[in-house]
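One chain comes next, on its own, written out as structure tokens in the form predicted on its own.
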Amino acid sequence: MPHGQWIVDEADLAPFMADESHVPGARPRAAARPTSPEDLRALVAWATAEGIGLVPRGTGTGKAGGCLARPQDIVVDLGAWPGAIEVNPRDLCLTAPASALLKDVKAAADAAGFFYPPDPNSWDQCAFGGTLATNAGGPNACKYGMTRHWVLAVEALLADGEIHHFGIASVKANAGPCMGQLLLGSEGIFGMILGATVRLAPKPIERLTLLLPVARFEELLELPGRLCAAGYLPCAFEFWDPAVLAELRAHGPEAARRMPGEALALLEFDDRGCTSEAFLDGLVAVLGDAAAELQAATDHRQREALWAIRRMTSVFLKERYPRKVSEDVVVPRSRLPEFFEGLQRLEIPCVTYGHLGDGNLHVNLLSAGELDAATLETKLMALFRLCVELGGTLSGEHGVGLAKREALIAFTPAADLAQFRALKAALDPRNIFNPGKVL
């Protein structure tokens, strides 16, 4: 093996056999912890000569099996990759290594008076590099978009063993194709992201957080499109369907058991003036009858309590149904009622919550562990087909990895797949970067 830090003991490799997906992982050949360009250069040379794969990994919070290795592969643990988080106020940007935790990136921006919006549910645990590789989202994507919308420049290891820099610390860079954007969300199949420079925004100075109970679930599904059409774009529009609420009320923590409505939404705005009476009056007029039970968080403590319930929903379901399967499908806002009508016709027992404002729905099959593999696959493919037929897609923020590879191949036109694979062959001709994933 090349020089550098290595993990080869079977017991020490056990943590690398799983992420937060339902995909079973194998024990990798070893795990490497590179700390210098020389370590990476030696790894690529060795992998090329031996015909083995290099599988990048951050903190293992991914939900698609993207960081799981084959028995012959090497996991490249980027947790020790050097570098500091640096805020550049004049250029309104921040640079950080892949090893930085997202919570520290967001905290550094906040301390300097700025805002870095991407906020996946694992924001307080995940690595910055992982959010780049998977193009992470979160509630803020409703207004601010995905991670790739904020990246100015990328530093990455490619198949020649060298570290390359793509992009500059400016919003305008139009000298040829944008290689850095190709790497974002590619889950490490083209190369290994080592760091990035991202845009920052001015920190919002006002926030309006609202709890919106509704008497009928169907009423809630019309609201995202209605709000957008009226010019109201929330920075978050989260929801719980009736089935999730029933679970939380019966078995969740005390605060969750008091949640009102047949279905429930959590809306947040951060526009200047959003806490004014005029803004709220206009919003209530757009919401119409749905605003009858509207509740506003009156202070920071109440806001944090509401968000704590939203963020613990996934953890609660995972603890109660450890073998459940969660899919993060997407449909356009305007097709949300059709999606839930179709889901009912498919007779797929599930509970749903997530990002209603951008149509990114977390559909949880709680009894998945009781199904044989073929039956589960049939149900999941029916779910994906419904989304695609409505103009959506099979993943909004979790990515493809191993979990959705077969579905991506099934629902992607053959010509498009051929182009994707041609890119893979051109950038990684020996197939050493995260082999067997996505494509």
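Since this is a predicted model, take the numbers as computed values, not measurements. All residue numbers are counted from 1 along the displayed sequence. The term rigid core refers to the most C-alpha atoms you can superpose between the two forms while keeping them within 1.5 Å.
The following text describes the form predicted in complex with another copy of the chain, which does not appear among the structures shown.
Mapping the unseen interface onto this chain, Gly145 counts among the residues with a heavy atom inside 4.5 Å of another copy of the chain in the model of the complex. Proximity of Ala141 to another copy of the chain in the model of the complex: non-hydrogen atoms within 4.5 Å are present. Contact between Ala422 and another copy of the chain in the model of the complex is found at the 4.5 Å heavy atom cutoff. When contacts are judged by a 4.5 Å heavy atom cut-off, Arg303 does not count as touching another copy of the chain in the model of the complex.
The three marked residues, Pro2, Arg33 and Thr197, fail to reach another copy of the chain in the model of the complex, with no heavy atom of any inside 4.5 Å. Of the residues given (Gly176, Pro349, Pro322, Pro71), Gly176 alone sits with a heavy atom within 4.5 Å of another copy of the chain in the model of the complex.
Of the listed positions (Val315, Ala285, Ala229, Ala250), a single one reaches within 4.5 angstroms of another copy of the chain by any non-hydrogen atom in the model of the complex, namely Ala229. Residues with any non-hydrogen atom within 4.5 angstroms of another copy of the chain in the model of the complex fall in just one of 99 to 107, 253 to 261, 295 to 303, 183 to 191: 183 to 191. Taking a 4.5 Å heavy atom cutoff to another copy of the chain in the model of the complex, the contacting residues in 321 to 352 are Val330, Pro332, Arg333, Ser334, Pro337. After superposing the rigid core, the C-alpha of Arg216 moves by 2 Å or more between this form and the one not shown. The rigid-core alignment places the CA of Ile85 less than 2 Å apart between this form and the one not shown. Val171: CA moves less than 2 Å between this form and the one not shown after rigid-core fitting.
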